[in-house]
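In structure tokens, the next block holds one chain alone, the form predicted on its own.
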């Protein structure tokens, strides 16, 4: 077995290789031609081997690199190819909202699956995207990784910044044996929201350690407003935690100014990555390869 790391997921790919039993790990050679076209080449003897390719698709360049690497692995004669896309870009456009639009999530899922035998992603925008893959597709959760980290820290209450994250907060609460609440959210525009506490709270918030949990932090607007609302309740400490840390523009600095800690998993490289989804991804890869083994 080999693990190949795309440039967007080098550290995570290396961790996955260790979780799979310290299997060989490699990084491709990439360069740009004078006209800007991308060139990739992978090394290693992969003929007849199972290959795990790891690459998030945060940017268009990441996506093109992934597709090139998939073909390179196939050209090398690999037996089976499991493609791991820790952060699946373009996932928000999972349906046609206006005439003339593409359904990018479904379209990209189909293209990524063309050369793959299976695909693994983490906390997709919508689980419906799994149905678009034409090969077996699995969704890992970032919740266990974050729970492993938070078990080592004081936590009194878990807070979802909106009702859409209720299941996430509930599952985290079950793993940590802690209560949770979901805030009431009204979106003002793409970067501004108005939040309110629920009418009933499981405890007094003063001096409590509170963790705001979300799947993606992009502009940080919701997290900042949630932290400000909780600060008015005189909580003892505020932590922001997410699976995918995009932290666009000055989001990280804005969140840091109103929280005590910021944690994310390692699906994307960022200043807050403290928890790893490598064990959870590796477990899925092992199950898939074991269930489809022809040996």
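Nothing here was measured: the structure is a model prediction, and the numbers come from that model. Numbering follows the first chain given and starts at 1.
Keep in mind that the form predicted together with ribose-5-phosphate is not shown, yet the notes after this line are about it.
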Worksheet item: Though only this chain appears here, would residue 94 touch ribose-5-phosphate in the predicted complex if you measure heavy atom gaps against 4.5 Å?
Response: no
Worksheet item: Can any non-hydrogen atom of residue 209 be found within 4.5 angstroms of ribose-5-phosphate in the predicted complex?
Response: no
Worksheet item: Does residue 220 make contact with ribose-5-phosphate in the predicted complex, using a 4.5 Å heavy atom cut-off?
Response: yes
Worksheet item: Taking 4.5 angstroms as the cut-off for heavy atoms, does residue 162 touch ribose-5-phosphate in the predicted complex?
Response: yes
Practice prompt. Go through 181, 155, 216, 175 and name the one with a heavy atom inside 4.5 Å of ribose-5-phosphate in the predicted complex.
Written response: 216
Item to complete: Taking 4.5 Å between heavy atoms as the contact cutoff, choose which of 131, 187, 111, 151 touches ribose-5-phosphate in the predicted complex.
Response: 187
Practice prompt. Name the stretch, out of 77-85, 97-105, 162-170, 142-150, where some heavy atom lies within 4.5 Å of ribose-5-phosphate in the predicted complex.
Written response: 162-170
